[in-house]
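Just one chain follows, in the form predicted alone, and it is written as structure tokens.
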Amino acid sequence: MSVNAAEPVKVAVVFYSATGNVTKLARQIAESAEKAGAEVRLRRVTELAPQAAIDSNPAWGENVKDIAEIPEATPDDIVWADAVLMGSPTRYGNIAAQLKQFIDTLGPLWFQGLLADKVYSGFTATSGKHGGNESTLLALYNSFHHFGGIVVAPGYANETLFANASPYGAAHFGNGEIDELVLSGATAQTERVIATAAALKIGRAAAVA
């Protein structure tokens, strides 16, 4: 799928990942968005955990090194974007504190109405099959609703998304590698987000022409 708009859709992929599963989803989404013709900013949020906690888990420490080259997210990345996909691991059925802290810094932009009318979607991962993937995404979407955003979840909009059986957003569980079904679902979700954002972009341009 390619973006059919006078200007490319601008997509911000903003994520927090500890042991790397959300990082893999974020990279898949960013790559899929670029293939769809979007202009993409892949951004990580600031790590808040103490170094001792990071050092206690080899996978956590390895992921910190792996994402070091990815720029940290700023509020400007959200203002810039037509569509925003945010990702977080599950923390007690909710988003991680690191992503929540970034969202909390967006208050001044929200007050100015600069977060409204953009397309938003989410993705997540957890270690347990029933560890809160759905509740984490729904909690994330609460913020998007407050932004005045247009939430575009994958739903069961096509065969790939139906097979992935994740209507709220791409979600991985377990400590193993993310399987191709989840990755293809993340790609299909991204394409749906971009198609919606492109249609809005075209429609708004026509309305003022």
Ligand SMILES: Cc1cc2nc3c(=O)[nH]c(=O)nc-3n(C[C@H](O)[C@H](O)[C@H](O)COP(=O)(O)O)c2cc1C
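A quick note: this is a predicted structure, and the numbers were derived from the prediction, not measured. All residue numbers refer to positions in the sequence shown, first residue = 1.
Not on display, but discussed next: the form predicted together with the ligand.
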Checklist entry - Taking the shortest heavy atom distance, is residue 100 within 4.5 Å of the ligand in the model of the complex? => result no
Item to check | 4.5 Å heavy atom contact, residue 198 and the ligand in the model of the complex | outcome: no
Item to check | Contact test in the model of the complex: residue 111 vs the ligand, heavy atoms, 4.5 Å | outcome: no
Checklist entry - Does the ligand come within 4.5 Å of any heavy atom of residue 21 in the model of the complex? => result yes
Item to check | 89, 125 and 128 each touching the ligand in the model of the complex (heavy atom, 4.5 Å) | outcome: yes
